[in-house]
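Take a look at this one chain, the form predicted on its own, written out in structure tokens.
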Amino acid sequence: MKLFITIGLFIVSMSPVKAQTVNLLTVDQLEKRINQGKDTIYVVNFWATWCAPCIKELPHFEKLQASYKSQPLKVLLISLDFKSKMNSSVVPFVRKKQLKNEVFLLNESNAQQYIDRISKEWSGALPATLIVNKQKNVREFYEKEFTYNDLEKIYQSVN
């Protein structure tokens, strides 16, 4: 009997764990999602695998979502890596860092157009974060690296 239990546990431990996926997302799809979540606060972080400040702040976005999981908060991580780097760089990076938030790769070809649509204040530099609370008509944009405390204060101020 112990042998069957041991074999069963071995088989279960060998089952593939559901790995985090990365999907393509356009600005239209992002805006539609934000508009549908009327009571949800969206924290949308724009980052890239080659951006050291972006990588440094990613754990703060993970912690924010985990800390406020019972509240209507949705953290979305949107990579600005080239689409050709999705499978070779972005997906392995996301899995290695074990990111829990939803991760997307921006599927846009004209950088200036999507930058202007996200925020007229955005120079295009990374990291960048968009915070939206439709209920309170708040749309704030930050072109900076966040500490956890700064990120939490801003989230609380729009909540």
Partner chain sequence: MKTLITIFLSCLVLFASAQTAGYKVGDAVSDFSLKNVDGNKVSLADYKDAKGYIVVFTCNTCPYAIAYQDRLIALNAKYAPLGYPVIAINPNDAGVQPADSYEKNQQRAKEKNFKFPYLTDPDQVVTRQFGPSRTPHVFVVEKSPTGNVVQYIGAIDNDTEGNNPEKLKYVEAAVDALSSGRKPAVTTTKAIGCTIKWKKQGA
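Residue numbers count along the first chain shown, from 1. Please read these numbers as outputs of a predicted model, since none were measured by experiment.
Heads up, the form predicted in complex with the partner chain isn't pictured, but that's what we're talking about next.
Name the residue from 115, 91, 99, 131 that puts a heavy atom within 4.5 Å of the partner chain in the model of the complex.
It is 115 that has a heavy atom within 4.5 Å of the partner.
Though the partner chain is not shown, can you say which of 123, 67, 35, 26 has a heavy atom within 4.5 Å of it in the model of the complex?
By the 4.5 Å heavy-atom cutoff, the listed residue in contact is 123.
The partner chain is absent from this chain, but in the model of the complex, do 53, 80 and 84 each have a non-hydrogen atom within 4.5 Å of it?
Yes, the whole candidate spot contacts the partner chain.
Using a 4.5 Å heavy atom cut-off, state whether residue 119 contacts the partner chain in the model of the complex.
Output for residue 119 is yes: heavy atoms within 4.5 Å of the partner chain.
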